[in-house]
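Here you get one chain, nothing else, as structure tokens; it is the form predicted on its own.
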């Protein structure tokens, strides 16, 4: 998982670099381009806080799992899934709103980069959320191992850690 996440970090670094090169090369420094909607900075900040909270709660679930066993982590792991699910659903709702305002992958370079970068993160978030759900089911069945929990947690921490960088680069 660490090797995979190292490669994924390079993917996001490349996306962010390309975005910055294009954004900084815009004539007159007009970003976002005229005629494109402004991104919902405040609403996404609230959603970002839910994602950050999910990382904290997952850490608490891991500590409880190691110290007191599976059932001690049950509620915290479920809370992590709920917060992560909220984040993914809210991002989907945001996309629908922005599409309705005319921001599409073809409407501008901003639209193309927005959907590429945020969409790539969304795919990671959905994959990691699925991993959390599998871990939760295994926890309920009594066969969640430390190794599986740690692997899924590492993936989720990656998703949580990459998002503030994307938020800062794309939204602010």
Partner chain sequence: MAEHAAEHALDDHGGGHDDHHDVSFFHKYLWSTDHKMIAKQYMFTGMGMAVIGAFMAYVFRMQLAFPGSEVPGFGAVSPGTYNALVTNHGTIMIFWVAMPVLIAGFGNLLIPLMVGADDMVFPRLNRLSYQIFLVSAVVIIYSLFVQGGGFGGAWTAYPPLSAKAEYNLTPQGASLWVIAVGLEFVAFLMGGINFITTAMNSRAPGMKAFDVPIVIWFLVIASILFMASVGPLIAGAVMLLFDQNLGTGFFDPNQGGDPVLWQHLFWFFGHPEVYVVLLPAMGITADVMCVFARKKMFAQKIVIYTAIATGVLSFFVWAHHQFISGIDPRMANVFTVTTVLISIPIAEMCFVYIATLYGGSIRLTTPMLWALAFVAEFLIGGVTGIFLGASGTDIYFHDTYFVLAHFHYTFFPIAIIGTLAGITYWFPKMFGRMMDETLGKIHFWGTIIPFNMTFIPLFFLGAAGQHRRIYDYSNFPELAVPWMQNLRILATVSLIVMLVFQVVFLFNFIKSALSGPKASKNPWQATTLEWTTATAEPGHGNWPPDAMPNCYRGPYEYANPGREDDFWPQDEPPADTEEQA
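Keep in mind the model is a prediction, meaning the values are calculated, not measured. Positions refer to the first chain, counted from 1.
In what follows, reference is made to the form predicted in complex with its partner chain, a form of this protein that is not presented.
Only one segment in the set 64-72, 134-142, 101-109, 47-55 has residues whose heavy atoms sit within 4.5 Å of its partner chain in the model of the complex; it is 101-109. For a residue to qualify, one of its non-hydrogen atoms must sit within 4.5 Å of its partner chain in the model of the complex; all three of 7, 15 and 22 qualify. Listed residues 126, 60, 39, 116 were compared with its partner chain in the model of the complex; 116 is the one with a heavy atom within 4.5 Å.
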